[in-house]
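Okay, so here's just one chain, in structure tokens, the form predicted alone.
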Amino acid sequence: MRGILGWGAYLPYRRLDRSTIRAVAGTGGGTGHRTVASYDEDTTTMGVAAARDALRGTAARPRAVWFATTVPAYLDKTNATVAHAALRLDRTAAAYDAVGSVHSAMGALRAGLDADGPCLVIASDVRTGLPGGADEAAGGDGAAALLAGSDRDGPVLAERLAWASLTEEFLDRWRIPGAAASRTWEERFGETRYTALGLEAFKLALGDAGLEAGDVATLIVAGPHARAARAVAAGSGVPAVRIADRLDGRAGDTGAAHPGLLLVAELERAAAEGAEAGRIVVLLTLSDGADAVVLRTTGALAAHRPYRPLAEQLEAGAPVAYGTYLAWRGLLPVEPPRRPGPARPSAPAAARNRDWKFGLVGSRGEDGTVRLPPSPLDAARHPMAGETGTVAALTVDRLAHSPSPPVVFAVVDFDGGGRLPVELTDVDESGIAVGDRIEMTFRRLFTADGVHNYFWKGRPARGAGQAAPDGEGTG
């Protein structure tokens, strides 16, 4: 039996109210809100956040990592290796990218399900449209991670029964490298193509599994073409009450991450309801063809509790102004900081200090003292990424270089020992105080000369699950 062993989901803290768009852009907008990656987030950092949660509470160690996105932080360099380092995975675990299209996420998931041994599949995306356009309002940012494996690796939560893929070349959505936004053909053209493909893939997958539409407990239809997704759902023969919410109004379409996010939402819901084993879930995606995977839940699902439930993340978050969103996306030039920008990070220094820089690994001396950064005199390593701490001191710096000033710094005392001065994120200067609880998050400090300087920041601990501290390799 091979299927899903665990999952993680990540939605950025900031949300854009779509009703604020029209007042500035003169058009666009709508109802509900979309998730917005902060200025210090990209597809790599969000993918790491989701993957950390997917690996909590399991002893399975990935033998491979697949990272899928349409907006890679790097080209010519593998982004999955950054996630690999932040998660502190074994050197023998391979790391690959699958980038450039929404479809790549399903290819990565199929590779993970077909692999030998545990495989971590990360899908992460930042969706941007031109101001006032449909993609801007309908898009969303986020990440999902699925740990695939067999019952030899741990309890399988959802077993794969069948997979059907249909490939067809037609020009519906495209973006040339370097362009700020995608372009689309007339909507009815894509709807016609995708509706036929989706229904055929759905029928083929059910046939391979020996099932009929009436056996499906939940049908998930993902893909950037919302009209086609609704048409496929309506024509599938699955009752409307069994069609999964696409999260359009609460998160937006997160592109390559969206199939995984919607699957996480359904598995999480089934686990919370204590669903019986044998529940049939079909994930159907429409992107450069159609893919349909049939999953059957197992008895282990009801006992599974995600560390940071997606349902809680959907209800959380704080607003971001439309102008700030445009500035973070680079669509609205703003006055730069008055101080010189940072220099390009040193590649040799990053390589020498990989465990500290990417994995936040300190050291512990023979007397039990935790040192951050690690001391070469200590023999024991001490992972800190899963630790929580308390703000001991605060300062707000309005002069330091930042694309979104002011910078909030804190001195954090960790529960298990160790003190670290660290930049805070996902917080307003009036929303943090001495004594507040802090958790760590992998972020991009800055980018200089095309080099992203990744490290860890602190953020307020806002009701995350109380799972055991990160184990070896979970960052």
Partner chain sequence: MPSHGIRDRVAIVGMGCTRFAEHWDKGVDELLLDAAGEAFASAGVTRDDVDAYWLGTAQSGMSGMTLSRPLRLRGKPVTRVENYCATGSEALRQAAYAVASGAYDVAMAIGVEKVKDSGYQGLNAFPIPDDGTQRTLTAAAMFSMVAPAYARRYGVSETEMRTVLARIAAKNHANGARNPRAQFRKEMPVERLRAMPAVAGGLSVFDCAGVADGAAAAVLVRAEDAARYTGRPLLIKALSLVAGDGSGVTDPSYDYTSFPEVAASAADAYAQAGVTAPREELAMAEVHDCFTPTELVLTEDLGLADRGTAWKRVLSGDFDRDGELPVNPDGGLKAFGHPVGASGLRMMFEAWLQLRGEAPPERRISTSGSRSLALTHNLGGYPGEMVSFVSIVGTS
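Values in this document were obtained by computation on a predicted structure and should not be read as measured data. Numbering follows the first chain given and starts at 1.
What comes next is about the form predicted in complex with the partner chain, which does not appear here.
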Taking heavy atoms only, is D397 within 4.5 angstroms of the partner chain in the predicted bound form?
yes
P177 near the partner chain in the predicted bound form, any heavy atom under 4.5 Å?
no
4.5 angstroms heavy atom contact with the partner chain in the predicted bound form for V427
no
Close approach of G418 to the partner chain in the predicted bound form, 4.5 Å, heavy atom
yes
Option from 201-209, 341-349, 283-291, 251-259 whose residues, in the predicted bound form, bring a heavy atom within 4.5 Å of the partner chain
341-349
Non-hydrogen atom within 4.5 angstroms of the partner chain in the predicted bound form for each of W356, V370 and D413:
yes
Can you pick out, from A392, A311, A318, A327, the residue that has a heavy atom within 4.5 Å of the partner chain in the predicted bound form?
A392
Checking A60, I432, A64, V407 against the partner chain in the predicted bound form, the residue with a non-hydrogen atom inside 4.5 angstroms turns out to be V407
Sequence-ordered residues of 447-461 touching the partner chain in the predicted bound form, heavy atom within 4.5 Å
N453, F455
